[in-house]
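First comes one chain, alone, set out as structure tokens in the form predicted on its own.
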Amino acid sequence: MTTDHVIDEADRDALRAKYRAERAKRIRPEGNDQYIEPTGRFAHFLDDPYVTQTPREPINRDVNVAIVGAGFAGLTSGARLRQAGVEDIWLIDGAGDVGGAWYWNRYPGAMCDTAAMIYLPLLEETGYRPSMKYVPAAEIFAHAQRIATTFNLYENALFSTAVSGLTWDEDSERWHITTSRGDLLRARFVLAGTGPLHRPKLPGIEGLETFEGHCFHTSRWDYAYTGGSRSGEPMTLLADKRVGIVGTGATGVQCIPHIARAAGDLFVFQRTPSSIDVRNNAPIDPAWYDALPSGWQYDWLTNFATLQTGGFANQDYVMDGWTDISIRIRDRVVANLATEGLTPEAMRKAYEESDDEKMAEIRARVSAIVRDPATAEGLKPWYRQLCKRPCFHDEYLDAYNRDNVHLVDTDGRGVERVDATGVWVGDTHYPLDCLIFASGFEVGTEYARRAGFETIGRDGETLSDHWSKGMTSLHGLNVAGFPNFFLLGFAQAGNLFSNVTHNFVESGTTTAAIIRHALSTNATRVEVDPAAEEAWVALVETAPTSFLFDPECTPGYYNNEGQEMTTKTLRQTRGYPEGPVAFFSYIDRWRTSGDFTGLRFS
């Protein structure tokens, strides 16, 4: 293969073969089951180390709206409900405050990898200007608190309170919510904003529980052990420690440079390298920001979603790695129209050619930054850029130029076993004082497992049973047989995974419109017409099959760890067939028409 970014057909064939070979090394027959829940000695990884739970009496009362989950999904919905004039809104979350993933993510270097102008919701409504193009986790957490304060969502918030059960009561037409603190709330409407990124998972490595050194998960960063703080103070207590970290996804990429500067020795155990593009973070100019016209954030959201999914706009407002690859593909399709036509095959060819060149640039960047050739080769990603979540960082690759940082490339196998004193990779043992798990959160497991409770609808049917053959819904929001219940997410809806909060703003706006209509008409029940749900699922199933499931895509949480596609998998990973922008336009027309076609109000 050439090292130039322009790749000829012979090199493309070799590249495809390389991608397939690298994928084959990483396919695990157990799929998502290769990860385990924190239990036994690791059960405390589910605890909240950031607050002391304040004793209180159990609450027993009727409420109007209960929102389960106080991350951005729950917060944006609560804000939209307030704007719609809805009162008596209760937030319930197992964490000690709002923020969701950004409550838990306090590891050094944590920040968003989508531009803050579009990632932080409700900027205009809260009057906030982000400090940088990409903002740190503490600023994101503070913005979540700002939303809760602006819209008075702290008033009836139950924190350090996990929902243990959710059951529809037909006689009272209310949801009975039980919690870990003995509460019983009888809610007219329930919004489930449990999100995909809040429950930590661990790698299922043999002997993991036998390690006698210190260990923790990145979502429960132990500054008491490392020293330092989330605001950037150096972790001086690691100066004489041999630290190992498992996981080189978005979290690992962000925290490894900070550990590298602090640890006596850092061993990075890598199964699959991430794609590391340029970040080029920069402060936001206050004068420029203050001059933005009213309604600018909606325009930016639409602009990003349009360009990131291959559409046309006069200007790229965000100008990041997400829009870069999409614009390349779009422009190549346009350039090839005369000879190739606008066919699925032509579009796929344009995608592959553009991605090949982009990934060649990514790999060339590794060689240009990392001085040791063997280490550089180990850090090069051999897959399509969007097979795993792309990373953008300007310090990660430089960390491997430090003498105390050691890349342990497992050639796709991962760590083989752990013993009392360290980690085994092949026949080599790495003694460690501390082992850090950057293994992320539960994604792709059953909904009840991720949520932490079962949802029981009309006639005693559980949501797990209702979805035994795959997710079913109307607009990804309402489910037949589960009255007055709203899912706040993106599956079977916009499915814009490059900017998840855009999905939350839209689902929150739609939910508020439905509940406002119900209250204004004195309806006590909102139900999905089963025929409408069936038709919506059938429509979603016509969406094109994602390239993520191709034999050239490395396994990861985007593609169910590379497992075979099933009807169940397809239903949980597909969105509106015409794409996110078309869905957002469709759902806006649907909710503003006043008809709410597919729902029954009674």
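Numbering starts at 1 and runs along the sequence shown. All figures in this text were calculated on a predicted structure; none of them were measured in a lab.
Quick note: we don't show the form predicted together with a small molecule, though the next part is all about it.
You can rule out all but one of 486-494, 397-405, 249-257, 453-461: in the predicted complex, only 249-257 has residues with a heavy atom within 4.5 Å of the small molecule. Contact check at 4.5 Å (heavy atoms) against the small molecule in the predicted complex: none of 44, 226 and 436 pass. Proximity to the small molecule in the predicted complex, defined as a heavy atom within 4.5 Å, holds among 467, 441, 351, 382 only for 441. Put simply, of 330, 186, 106, 271 only one has a heavy atom within 4.5 Å of the small molecule in the predicted complex, and it is 271. Contact annotation: residue 113 falls within 4.5 Å of the small molecule in the predicted complex, judged by heavy atom distances.
In the predicted complex, the small molecule lies within 4.5 Å of some heavy atom of residue 415. In the predicted complex, residue 28 approaches the small molecule with a heavy atom inside 4.5 Å. The closest heavy atom approach of residue 387 to the small molecule in the predicted complex falls outside 4.5 Å.
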